[in-house]
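Listed next as structure tokens is one chain, alone, in the form predicted on its own.
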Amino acid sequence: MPASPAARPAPTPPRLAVEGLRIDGRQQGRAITVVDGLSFELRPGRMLALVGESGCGKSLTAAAILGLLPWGFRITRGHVLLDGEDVLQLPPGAWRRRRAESMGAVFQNPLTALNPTLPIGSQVVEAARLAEQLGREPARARAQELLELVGVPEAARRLDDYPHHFSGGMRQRVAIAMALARNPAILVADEPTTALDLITQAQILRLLNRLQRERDLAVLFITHDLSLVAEYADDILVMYAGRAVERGEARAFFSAPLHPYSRALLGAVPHPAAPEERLTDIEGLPPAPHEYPPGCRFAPRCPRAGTVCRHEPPPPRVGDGSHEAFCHHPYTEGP
């Protein structure tokens, strides 16, 4: 008898699980829903890329799981499970402590993430010093260790430098060191390379990738650049107008995207091996939150849309068990 296929190993339990997240707010006096029914998981040693056009809800999702939603926005439905505990049910003080113990964040602009009036050495270990009651010299040693970890040259000498003494790429390394100061299990990187040149982008992402492997970090990487996702991410979740349209393993996504929106996004990425190929574009614009249609939100721009798409929200369609699209008429073959 032929040998039975090896069973797929059980997946590592997620460090963070977001279930049915809904974020409401107000815009120009109108009540709006900016994120609707979003679910995903962050697992140790893996990077999930959250991608989509500007305004789709990526950064608000990150702010929600960090407990940092701006004024006027709030989570009205769903769960955020940190190691199985729903942190949305915790009192604010307990949630802040859990966040500080378990999560670090790297934001888009490293200059605004740093205090221009304080030396970077004191900023890097501020949170750890408060939590661990470190004295001045142990705190400096810890700051030097973290700066060396993220590749800041001559770290000991630069502890007393201020943010304006550093380049953009070095400031982002300092911001990453700050995010790692309390040894978090989860790292949220919200477009951490947008303000950087291409060479520095690659250096920062290689650094994040190395830290992810060495520290078994669960990483949420928010970006609109699919070329970066292809190189660094393990998993992907594509958003459109506040909803997930496709999610799964990055390798499966890039070999055979299922959703028409995903395929259009990939068609807009230039390929160095075929520079003569014409890039595709997507006619029209994403709807504003107060204009979301009742069915599939991509239907007004979708070449495959039918009557059902315009009136009924799409169901999930499963590919090979690790890749699914929320679409009435998904593609079933590769590009």
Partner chain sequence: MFAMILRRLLVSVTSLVLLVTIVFFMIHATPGGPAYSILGMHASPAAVAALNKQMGLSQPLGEQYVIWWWHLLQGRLGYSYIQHTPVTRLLRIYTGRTLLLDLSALGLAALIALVVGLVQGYLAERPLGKVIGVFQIVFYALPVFFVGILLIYILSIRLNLFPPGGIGHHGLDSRLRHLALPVFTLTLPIAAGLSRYFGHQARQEYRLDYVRTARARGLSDLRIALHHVLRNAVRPFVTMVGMMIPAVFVGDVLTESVFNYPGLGWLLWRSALDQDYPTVSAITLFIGVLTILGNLLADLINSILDVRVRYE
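Bear in mind that the values here come from a model prediction, so they are computed numbers and not experimental data. Residue numbers count along the first chain shown, from 1.
Below, we refer to the form predicted together with its partner chain, which is not included among the displayed structures.
Novice: Heavy atoms within 4.5 Å of its partner chain in the predicted complex: which of the stretches 304-312, 290-298, 26-34, 65-73 has them?
Specialist: The contacting stretch is 65-73.
Novice: Please state whether all three residues Arg96, Ala113 and Gln123 have a non-hydrogen atom within 4.5 angstroms of its partner chain in the predicted complex.
Specialist: Verified in the predicted complex; spot residues all in contact, yes.
Novice: With the cut-off set at 4.5 Å between non-hydrogen atoms, does Tyr162 touch its partner chain in the predicted complex?
Specialist: Tyr162: contacts its partner chain in the predicted complex.
Novice: Indicate whether its partner chain has at least one heavy atom within 4.5 Å of a heavy atom of Ala233 in the predicted complex.
Specialist: Although its partner chain is absent here, Ala233 would stay clear of it in the predicted complex, with no heavy atoms inside 4.5 Å.
Novice: Residue-level contact is defined here as any heavy atom of the residue lying within 4.5 Å of its partner chain in the predicted complex; does Ala141 satisfy this criterion?
Specialist: No, Ala141 sits far enough from its partner chain in the predicted complex that none of its heavy atoms falls within 4.5 Å.
Novice: Please determine whether Ala100 contacts its partner chain in the predicted complex, using a 4.5 Å cut-off between heavy atoms.
Specialist: The answer is yes: Ala100 has a heavy atom within 4.5 Å of its partner chain.
Novice: Taking its partner chain in the predicted complex as the reference, which of Asn183, Ser255, Gln89, Thr117 has a non-hydrogen atom within 4.5 Å?
Specialist: The option sitting close enough to the partner is Thr117.
Novice: Name the residue from Arg129, Arg215, His79, Arg251 that puts a heavy atom within 4.5 Å of its partner chain in the predicted complex.
Specialist: That would be Arg129.
Novice: Would you give me the residues of 26-42 that have any heavy atom within 4.5 Å of its partner chain in the predicted complex, in order from first to last?
Specialist: Heavy-atom contacts to its partner chain in the predicted complex: nothing from 26-42.
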